[in-house]
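What follows is one chain in structure tokens, specifically the form predicted on its own.
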Amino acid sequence: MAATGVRLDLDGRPIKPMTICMIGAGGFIGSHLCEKVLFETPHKILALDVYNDKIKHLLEPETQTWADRIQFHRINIKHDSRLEGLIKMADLTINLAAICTPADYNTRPLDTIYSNFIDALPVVKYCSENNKRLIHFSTCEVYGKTIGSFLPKDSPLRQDPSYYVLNENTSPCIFGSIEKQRWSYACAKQLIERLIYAEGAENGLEFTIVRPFNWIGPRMDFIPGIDGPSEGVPRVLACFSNNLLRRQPLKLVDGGQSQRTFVYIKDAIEAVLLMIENSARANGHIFNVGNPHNEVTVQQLAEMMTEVYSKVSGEPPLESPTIDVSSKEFYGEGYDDSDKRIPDMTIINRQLGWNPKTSLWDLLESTLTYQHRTYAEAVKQAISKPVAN
């Protein structure tokens, strides 16, 4: 449904139609954001990415009622001279491009650092030099470990929110040692945040930084061997989905005791649209976007996903639905983890009035219904193919 009538921002001002240069528009977050912008606003999108599979349905001429509002540009921002021109054509640039899969932080640390820091430098530079607003996607990984994780296991302070709830302006960023290459991603993301902040302070760049806390939903990641590399290791939700589809036990790294919060992609995209359309309230801010109420250990997540998948697929759960693996076995040498990630929501609530709505059970049901509908048949066929000797 396209937007009709005059739309107002949070301060009652009319929202002017704008052109958005969206880098990484073909990914999980980008595809949902493109839909939101096209269905609910009059804004135009310059969609930049290497792949467009997840937004093909928005680009097909026969179904496209917004033909004049989205253009796809097949670009690798590493080395494409068109990038500055496209940023100049837009009012706002949103940078979603990143390597953001934990398995890669260990095995491809150089690619991870280049992708998340070096390749983002021209984007920041062009926005700053051309007085264009930037919304940059960072990560909750920049917080690293909590202060509480360094306390004795039986310390009552571990239960004190000030030791584990993560605030954009006050929580420190604590990483493991240099040999723990898992932190290559977090360090690269933190450094680009610092550079963006410095561009704002010294050169007046208008910026907003987004720190997603595990955004979950349809089209997230890939299912290995079906729509991604056969040896690939996606993030936890797609890893677990893949095993559920194949009727294999879910692998719990180091017992699955790390705690995470999960937020539904459609809730999170609402927050991003508020940032897009309320620049006066969003500029100069870093925003956590998560759901502190949807907190579970990875083991509890596995148990819930097993139960939900059984409901949506009609298949009984396995007798032994999970197995424990070591992080070294799963991720390789140099892996390290953060214990707990709970976002403080004070700033985004104060500035944009945003709160997440969807419970963990509901978001898992929506996501696993999509995964089953999209992949179950292809996985069955892949499993039934005879293996060549």
Ligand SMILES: NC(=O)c1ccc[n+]([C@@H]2O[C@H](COP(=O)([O-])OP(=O)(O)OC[C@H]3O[C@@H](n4cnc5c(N)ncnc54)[C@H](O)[C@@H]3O)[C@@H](O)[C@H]2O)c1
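Residue numbers here begin at 1 and follow the sequence given. These numbers were taken from a predicted model, which means no experiment stands behind them.
Same protein, other form: the form predicted together with this ligand, not shown, and the subject of what follows.
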Q | Contact residue in the predicted bound form, from 76, 300, 107, 131 (heavy atom within 4.5 Å of this ligand) | A | 76
Q.
Can you work out which of 145, 246, 180, 235 has a heavy atom no more than 4.5 Å from this ligand in the predicted bound form?
A. 235
Q.
The chain here is shown without this ligand. Which stretch in 145-153, 123-131, 192-200, 96-104 comes within 4.5 angstroms of it in the predicted bound form, by heavy atom distance?
A. 96-104
Q. With a 4.5 Å heavy atom cut-off, would you call residue 306 a contact of this ligand in the predicted bound form?
A. no
Q. Even though this ligand is not shown here, does residue 220 get within 4.5 Å of it in the predicted bound form, heavy atoms only?
A. yes
Q: Report whether the minimum heavy atom distance between residue 137 and this ligand in the predicted bound form is within 4.5 Å.
A: yes
Q: Using the partner position in the predicted bound form, report whether residue 51 sits within 4.5 Å of this ligand, counting heavy atoms only.
A: yes
(Q) Contact check in the predicted bound form: 24, 28 and 212 versus this ligand, with a cutoff of 4.5 Å between any heavy atoms. Do all three pass? (A) yes
